[in-house]
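Shown here is one chain on its own, the form predicted on its own, set out as structure tokens.
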Amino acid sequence: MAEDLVKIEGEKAIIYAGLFPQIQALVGDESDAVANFANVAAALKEAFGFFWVGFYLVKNDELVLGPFQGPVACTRIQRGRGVCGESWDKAETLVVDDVETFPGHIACSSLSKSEIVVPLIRNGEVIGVLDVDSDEIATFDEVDALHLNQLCSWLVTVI
């Protein structure tokens, strides 16, 4: 998997490429989704020092907070609301350079400045999202989008 991930050169891509074998080893044969989501969130936060990394899972037609690393977070998010809800609704990755400019942004923390949200899609259905926040403007780019999409595509096959 790591070999496929070094498609875009740069320091971030190298970190992602080194991180994925570690994540695969952490997940290993573990079948518990909560344990796997928790370790993935921790690995991403440690590797990059992101402000907040976590998962929201679709339950009863809303996103419910799952395993995360960082300060306290919003517990429930409606479909189409905020960056997470819109990513879920559109079933696509959203990169937001400045969350203050995103219509309907949900401010769980005023310290969050930029964000990437990647949907977890299994059998054509969004089952959750990976949400990553930074306390700096314009942290995320196509490198993050590529690698986090590949991570999430793989993750839904093993949870």
Ligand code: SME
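The structure displayed is predicted, hence computed values, not measured ones. Quick note: we count residues from 1 along the sequence shown, nothing fancier.
The same protein also exists as the form predicted together with this ligand; that form is not shown, yet it is the one meant from here on.
Chemist: Which pick from I121, A43, V95, I106 sits with a heavy atom within 4.5 Å of this ligand in the predicted bound form?
Modeler: If I apply the 4.5 Å criterion carefully, the residue I get is I106.
Chemist: With the partner left out of view, is F37 within 4.5 angstroms of this ligand in the predicted bound form by any non-hydrogen atom?
Modeler: No - in the predicted bound form, heavy atoms of F37 and this ligand never come within 4.5 Å of each other.
Chemist: Would you please decide whether F50 lies within 4.5 angstroms of this ligand in the predicted bound form, comparing each non-hydrogen atom pair?
Modeler: Heavy-atom contact with this ligand at 4.5 Å: absent for F50.
Chemist: Since the partner is left out here, which residues of 115-141 would have a heavy atom within 4.5 Å of this ligand in the predicted bound form?
Modeler: Residues within 4.5 Å: E115, D131, D133.
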